[in-house]
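Next up: just one chain, as structure tokens, the form predicted alone.
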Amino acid sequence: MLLGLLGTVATAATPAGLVPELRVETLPNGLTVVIEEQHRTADVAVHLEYTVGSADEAPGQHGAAHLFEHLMFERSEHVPQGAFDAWLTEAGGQNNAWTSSDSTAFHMRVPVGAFELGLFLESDRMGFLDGGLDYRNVRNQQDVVLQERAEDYSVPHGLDFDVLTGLVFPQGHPYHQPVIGRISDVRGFGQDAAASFWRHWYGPENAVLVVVGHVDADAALDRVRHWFSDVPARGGDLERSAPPELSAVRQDGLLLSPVSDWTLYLAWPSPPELHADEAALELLSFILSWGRGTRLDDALYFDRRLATDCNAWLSPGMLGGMFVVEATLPRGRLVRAERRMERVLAEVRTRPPAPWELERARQAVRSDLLDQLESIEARAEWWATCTRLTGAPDCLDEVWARYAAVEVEDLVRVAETWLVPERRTSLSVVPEGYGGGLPGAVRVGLPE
């Protein structure tokens, strides 16, 4: 789950005491505020995360959340066109944003003297973005998003993840459509639809604001109240419907792509974030692939040179996850690689990991986590994501305890439960003009 929280971090056996003293308050309009004094820096990280992503888009709106990430940097009622980035840059700050299936986050790092400017800018687009949602801005950002989509998908392997996700999560599942959206939907998402989407999802009751850095907690909270208390709550229905059950269907896809290598992905649906099995699955991914002495890497690369690269990883989400093993191969080795990869996974059940393998996996995720917590931006993102998933920002100690409690028997159990052949999806990515994936593979791609 920890990897899921940050997208790249796993959490296993981390020592207790990861969570510092945090100041938490919910404003009358529903905005959750988390503040951490962190005086090892002269800067301040401001992280604002909304619980809205591509999983919340209605039919015909695919790509709306990502489009809106872009629109939030355009003009708002009290911030002129282009001023958001210009004012922050002039003050010595930097900022960016991201959109996922489950959430949209805006983050900035500013010198302490620009902290109040950052709060003003975030509060204005939360409360008064409709002042800038005109036809020109919407149309301009539609063009920007579609250009970004074209560029992302034109690079080697730019399509892989979205195509694989669309196979694992079938039509009708909230994760089936790619975050970046469909061309027709993005182009058809006009000014009125944008205003409605903003009013529904981007209110204070659907957000958490985290401040980490060289601030006094009381003073920082006073400034947050000053800038955000006048932002009205929207009062919309923010509940997500339960996703459909994933059926046990083994399938093979073939993607012809502008690549020079051959890549094979094997993937299985996995449980959602916070599920009791998530920690064991994430640790298992490190036992399979983390350099010399791990099972997949040895079997495909170090011992046999069957692959030129391989990896295993868990991609979790609030409504379900995906466990993936992948290998980059010389031409013509897809079937051999598939058999070897499946044999390595089967051996988790017949030849359980040794205690030292489990402990090494724990040390790997421990190092990743502690490295990330050196950054004020990553700390802010952790507290926001914990709040979004659990309702409280101080979840790291509890989550760490889950990873620390995993035993070898748990690794075998989750392999037997989740990584079974009948639930496996494969995707063969091969150069255009070659074809020839796994036997019976059906050619796949993304809808326009």
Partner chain sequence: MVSLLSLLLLLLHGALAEGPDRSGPPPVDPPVAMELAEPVEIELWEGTRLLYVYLEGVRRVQVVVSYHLGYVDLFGGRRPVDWALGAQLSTASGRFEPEAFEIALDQQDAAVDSWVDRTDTGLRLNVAAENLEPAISLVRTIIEAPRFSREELRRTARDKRAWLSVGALADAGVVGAWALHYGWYPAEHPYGGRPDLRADRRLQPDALAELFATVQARAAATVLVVGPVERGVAERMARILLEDHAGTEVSEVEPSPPAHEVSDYAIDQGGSQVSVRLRVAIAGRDEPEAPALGQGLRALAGTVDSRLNGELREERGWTYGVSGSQWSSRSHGYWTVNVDVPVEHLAETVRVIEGHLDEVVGAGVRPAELEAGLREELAWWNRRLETAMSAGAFYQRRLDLGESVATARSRVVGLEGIVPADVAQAAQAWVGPDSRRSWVFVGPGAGIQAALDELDREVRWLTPEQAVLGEL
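Keep in mind the model is a prediction, meaning the values are calculated, not measured. Numbering follows the first chain given and starts at 1.
Although not depicted, the form predicted together with its partner chain is the subject of the following passage.
- Taken together, T51, A64 and A233 are entirely out of contact with its partner chain in the model of the complex: none brings a heavy atom within 4.5 Å.
- The chain is drawn here without its partner chain; in the model of the complex, the stretch among 237-245, 116-124, 171-179, 276-284 whose residues come within 4.5 Å of it by any heavy atom is 116-124.
- In the model of the complex, none of the heavy atoms of A401 sits within 4.5 Å of a heavy atom of its partner chain.
- In the model of the complex, its partner chain sits beyond 4.5 Å of every heavy atom of L314.
- Using a 4.5 angstroms limit between non-hydrogen atoms, R295 is distant from its partner chain in the model of the complex.
- Contact check for R349: no non-hydrogen atom falls within 4.5 Å of its partner chain in the model of the complex.
- Checking D143, D216, D192, D222 for any heavy atom within 4.5 Å of its partner chain in the model of the complex turns up a single hit: D143.
- Exactly one listed residue, out of R250, R343, R136, R199, brings a non-hydrogen atom to within 4.5 Å of its partner chain in the model of the complex: R136.
- Residues D298, Y301, F302, R305, T308 are the ones in 297-335 with at least one heavy atom within 4.5 Å of its partner chain in the model of the complex, listed in sequence order.
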